[in-house]
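Given next, in structure tokens, is a single chain: the form predicted alone.
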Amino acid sequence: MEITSENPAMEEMIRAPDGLYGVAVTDTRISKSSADGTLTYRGYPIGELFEKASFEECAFLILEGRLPSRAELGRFIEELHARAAVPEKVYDIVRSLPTDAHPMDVLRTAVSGLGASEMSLSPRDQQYSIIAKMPTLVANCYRLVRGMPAIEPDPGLDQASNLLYMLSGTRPGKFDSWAFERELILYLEHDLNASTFTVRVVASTLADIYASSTAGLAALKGPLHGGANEAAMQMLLEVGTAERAQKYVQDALSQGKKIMGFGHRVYKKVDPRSQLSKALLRRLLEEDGEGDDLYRLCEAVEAAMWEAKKIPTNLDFYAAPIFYTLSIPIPVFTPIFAASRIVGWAAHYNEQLARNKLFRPDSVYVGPKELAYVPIEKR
């Protein structure tokens, strides 16, 4: 790394690369993504959990560092159910927002309002409250600003099924719930991505979980992070058919446009979450009798992009058509990311506080120096 010494009186600074790429800023026991195309949650390969575990089991694992016993899992699920309902005063805030507000803006505002109403809770209860309520908020923030009534969570449904139910008002089929749950597992955690790093920075100030999560939601909204799943689906709809994929990709690249759903800071050859989602999309389409047009379209865009740039798909590329097949409105795709990732944020919040040091990086000043003040009448 480049060493700078702009001011000899100061300690030498390490000039990190832009975006902090390749720079380790903390230790973690929560998860790890690697350039070789692997991802682990607390030491468990993602493929193991994807096929065998429930969302609640994985959430407990991320939070507590181990898989739960049957009794522990039962108590965990009961606690989530008991805290899933959202106070009406938070919904009043949501109803006051513009009808065309993006669901991520509404969700961020609602989480901030929730925090203001739950300051009397213990830190642990605050975390369990926001984890339990996030799916309810995701669904009803979308519904309420559009004039639809809120739907209360069903204590007989798991987190994934409940979210689908609250979005549509219809209880989902068993396979649809299972498929959606797989995607929530993939979105649960992913080491120091932009939103998680934001959460840890805010946590390092000793702010509460609501402040940290609100900041995480702000980071998640961007199209280079959580918003990529919405943009990927819009792009697929614009391409339309598999036969148009190659020309679309060629034209977009020649115009300098970014093809959404491709590339990752860590995964250079394969994103394991994308490969799991790709296989799941095919199973879902077969189960629902939808035909393979959407799958063929995705494959064709993927192949065209690999041929042109050797850039692999990321999680968002195949998650988007899965959500679309499940009849989830596109503006809700990014909030769904948050409904799952809130668990990872809480785990990182706790890990940060366990041996906290305030994040305060330095910068290299490259602007003008020793300017003389000019009175306003002479400017």
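All residue numbers are counted from 1 along the displayed sequence. The model shown is predicted, which means the values in this text are computed figures rather than measured ones.
One more form of this protein, predicted in complex with another copy of the chain, exists but is not displayed; see below.
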Identify, from the list A308, A85, A279, A194, the residue with a heavy atom within 4.5 Å of another copy of the chain in the predicted bound form.
A194
Contact residue in the predicted bound form, from P98, G147, G156, G256 (heavy atom within 4.5 Å of another copy of the chain):
P98
Let me test this: is every residue among T198, G222 and A372 within 4.5 Å of another copy of the chain in the predicted bound form, going by heavy atom positions?
yes
Would G43 count as touching another copy of the chain in the predicted bound form under a 4.5 Å heavy atom rule?
yes
Any of the heavy atoms of N314 lying within 4.5 Å of another copy of the chain in the predicted bound form?
yes
R171, heavy atom within 4.5 angstroms of another copy of the chain in the predicted bound form:
no
Any non-hydrogen atom of A207 within 4.5 angstroms of another copy of the chain in the predicted bound form:
yes
Name the stretch, out of 295 to 303, 147 to 155, 70 to 78, 131 to 139, where some heavy atom lies within 4.5 Å of another copy of the chain in the predicted bound form.
70 to 78
What residues, if any, in 270 to 288 have a non-hydrogen atom within 4.5 angstroms of another copy of the chain in the predicted bound form?
R273
